[in-house]
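For reference, the chain that follows is the form predicted on its own, supplied as C-alpha cells.
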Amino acid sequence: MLGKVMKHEFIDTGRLLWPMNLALLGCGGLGMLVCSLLDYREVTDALILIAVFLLYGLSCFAIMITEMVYLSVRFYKSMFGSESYLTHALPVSNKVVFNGKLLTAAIWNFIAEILFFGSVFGIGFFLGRALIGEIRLEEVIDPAAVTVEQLTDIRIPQLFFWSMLVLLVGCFSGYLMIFTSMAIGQLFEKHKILGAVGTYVVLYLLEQVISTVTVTVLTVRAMGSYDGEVIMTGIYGPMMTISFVLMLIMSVALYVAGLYLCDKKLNIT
C-alpha cells in the first residue's frame, strides 16, 4: 500500500514539481552558458554576469521555497484540513499515508538539492575556466581536494560519504519538523495553523540552540595553540559526526511523534 500511496503522490505533485525542477535545471544551464560566453574584461559583460548570478540565486531560492510550501500545504490539507475526511476514509492506515507523504516530499527535496548543487558546481567550473583559461576538470578538483584535506584533516571519500549522509537525513529532517509541527498544531481546538507555526518556531530554535552549544563546546575543547596560532585541524571530523548524530536523533524523535499524532491523536472535527 505504501507504494500505491507514493505513486499517487508523485503523479499529483509531479504536475507542478517536475516543471519547477526543470526550471531549476534551466537556471543552472543558463548560468553555465553565460559563464562560458561572456568576456569578463568588459565592464558590460561583467555587469551582465552579476545580474545573471543574482537572477540565478533568487530563482533557485524561489523555486525551492515554493516546493517546500506546496508540499507542506498539501500535507496539511490532506491530513488535517479540507481534504482530510476523504484521506482518512481511504482503506489505508494513517501510518502508511504519513510515511508515503514524507517519503515523497523527501525524494522531491533530494532531487532539488542534487540539481542545485550540480548547477552550482557547473557554474563554478565554467566561471573558473573563463577566468583562468582552458583547464581540465582534474586540474580543478585535485588541488581543491588537497587543500580541503589539509584544512580539515578529512579524506575526500570520507568527506563525500558524510556529506551524502547529511544530505539524505536533511531531506527528511526539514519536512519532519514541518509535518510534526502541523500534527501538534492540529491538537489545538482553535488557531490550529497558528499553533503549528508556533510549534515549528520552538522546534527550530531548540535545534539551533543545541547545535550552537555543541559546536561551541567542540571548538573550545579542540582549540590549541602553536606559536601563537590557533590550530583547528582535526575538529571538523568530530564536529560533522556529532552534528549528524544530533540531526539523526532529532529526526527520529520528530518521526515517532508525528507518526503517533497522525495515527492516534487526529483532531479534524
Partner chain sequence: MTSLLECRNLTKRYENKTALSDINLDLTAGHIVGLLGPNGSGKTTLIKLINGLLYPTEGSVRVKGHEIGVESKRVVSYLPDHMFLNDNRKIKYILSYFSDFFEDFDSAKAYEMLGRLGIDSEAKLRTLSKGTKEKVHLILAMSRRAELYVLDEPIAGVDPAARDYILNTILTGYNEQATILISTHLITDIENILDEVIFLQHGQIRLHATVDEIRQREGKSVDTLFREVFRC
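This one's a predicted model, so the numbers in the text were calculated from it and none came from an experiment. Positions refer to the first chain, counted from 1.
Although not depicted, the form predicted together with its partner chain is the subject of the following passage.
Taking the partner from elsewhere, residue 99 is found to have every heavy atom lying beyond 4.5 Å of its partner chain in the predicted complex. Contact check for residue 90: a heavy atom falls within 4.5 Å of its partner chain in the predicted complex. Heavy atoms of residue 199 never reach within 4.5 Å of its partner chain in the predicted complex, leaving it off the interface. Shown alone here, residue 82 lies within 4.5 Å of its partner chain in the predicted complex, counting heavy atoms only.
The candidate stretches are 119 to 127, 163 to 171, 104 to 112, 82 to 90, and the one lying within 4.5 Å of its partner chain in the predicted complex by heavy atoms is 82 to 90. Contacts with its partner chain in the predicted complex, taken as any heavy atom within 4.5 Å, map within 1 to 16 to 1, 4, 5, 7, 8, 11, 12, 15.
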